[in-house]
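A single chain, nothing else alongside it, follows as structure tokens in the form predicted alone.
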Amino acid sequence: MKVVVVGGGVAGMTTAYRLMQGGHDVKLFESSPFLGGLVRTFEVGGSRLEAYYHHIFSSDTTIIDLINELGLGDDLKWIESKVGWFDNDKIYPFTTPKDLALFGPLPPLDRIRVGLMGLKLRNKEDWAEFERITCKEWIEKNVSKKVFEKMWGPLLEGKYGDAYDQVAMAWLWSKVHLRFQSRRGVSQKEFLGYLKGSFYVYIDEMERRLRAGGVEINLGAAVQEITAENNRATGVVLADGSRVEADAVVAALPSLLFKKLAPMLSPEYVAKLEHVKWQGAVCMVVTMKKSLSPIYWMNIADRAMPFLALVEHTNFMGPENYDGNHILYISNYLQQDHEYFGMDEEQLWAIFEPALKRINPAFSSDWVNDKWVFKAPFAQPIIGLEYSKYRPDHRTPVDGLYLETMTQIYPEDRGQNYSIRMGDEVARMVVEDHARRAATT
């Protein structure tokens, strides 16, 4: 079987890899000059570093299995996480039950309610009821209005902007339910996984195996259109006008980009693609001579601050891995027309630098060695009520045409683990459907 995979992110690479293992003829086209999608990396201090911060949870068994399959299991390190919360110009530790018991922004009774909320969501397996109620409504009804006002509301607003009060509770259930599984022992400390040398290591090994297995990888090769005849996918047309024939086409793309490439899709399927809206991401990476704080992941609850989170990577993987550099991610999820997308790193720095002084009054731009800015217009689907009704199927209405995109990862949130799982699932579908066609001809 000849298969074209459009998109060389984690999901597309996984599909290509599984099809290659099955002996199929695979061609992969990626418009950018690198593979890995949002797991792209660049060099810092003699090592690779992700452009967008990454770690995995102990519940992320799909990526753990793949890392082991690729022979890289010994390089997967499990490291204690240090989570913090910034509010009222103060940093609060926010990892263990003890931290919650001392959490100043909430009164004692609400701290207990937050703890009970976590236990309830951790032990709740059936999430269907959470599709029909927003986070705001559920928390205000089942926990307290104060908890939403001081805790979840600011984080939801920081991540989803004006849509903060439209996000379904199913999204928050997934975040809490899965995250608790990375906690260990009586103290309930959190341990997160990171691949020594960056997650580029497994992307690189997959690319090596793909090429060795005969997969034709085309970088900087944009697909202009997916073609079909008699409602059957036939291949793709590249930006240079050349055609590539195929028995099946897998599009590993944001849903709205897929719609543009596949004009033959039915109106009903297109309506599902258009229903889900997206938030983009703007992430600045800063290398410094000193550490900003002792926290790895700092949630910013003060919406007057110009960012949603600070992730000090070298409080997780030490600066000795990066030639002594301290590495800070400054993270924002934003509407796709937000002014930050039009700003360069110096314009953004002029906004971010004063806010960093609120985190650490001693901070100075003299600490900074270098800065980079990365922008992704399709970074986070907005999960609304009854989302499953609008989730597009991997099998499109066009025979032999498949979609794998972030909007299909549900109820779990997007992430490497679920992209790999999706890539596995779609590869199986492609093979099953090909066998079915062969049996009927």
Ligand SMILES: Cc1cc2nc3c(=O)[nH]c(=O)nc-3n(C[C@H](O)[C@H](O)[C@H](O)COP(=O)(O)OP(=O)(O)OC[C@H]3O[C@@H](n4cnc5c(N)ncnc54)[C@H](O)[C@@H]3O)c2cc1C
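Counting begins at 1, following the sequence as shown. Everything numeric in this text was worked out from a predicted model, so none of it was measured.
In what follows, reference is made to the form predicted together with the ligand, a form of this protein that is not presented.
task: Select, from the options 112-120, 145-153, 357-365, 222-230, the stretch whose residues sit within 4.5 angstroms of the ligand in the predicted complex by heavy atom distance.
output: One stretch meets the cut-off, namely 222-230.
query: Can you pick the one in Ser31, Ser59, Gln408, Ser47 that has a heavy atom within 4.5 Å of the ligand in the predicted complex?
result: Here the answer is residue option Ser31.
query: What is the one choice in Ile67, Val39, Ile382, Leu403 with a heavy atom within 4.5 Å of the ligand in the predicted complex?
result: If I apply the 4.5 Å criterion carefully, the residue I get is Val39.
query: Even though the ligand is not shown here, does Tyr333 get within 4.5 Å of it in the predicted complex, heavy atoms only?
result: The answer is yes: Tyr333 has a heavy atom within 4.5 Å of the ligand.
task: Using a 4.5 Å heavy atom cut-off, state whether Leu257 contacts the ligand in the predicted complex.
output: Judged by the heavy-atom cut-off of 4.5 Å, Leu257 is in contact with the ligand in the predicted complex.
message: in the predicted complex, does Gly415 come within 4.5 Å of the ligand, counting heavy atoms only?
response: So Gly415 counts as contacting the ligand.
query: Would Val6 sit within 4.5 Å of the ligand in the predicted complex, counting heavy atoms only?
result: Val6 belongs to the contact set for the ligand.
Residues in 42-65 close to the ligand in the predicted complex, defined by a heavy atom within 4.5 Å, in order: Residues within 4.5 Å: Tyr52, Tyr53, His54, His55, Ile56.
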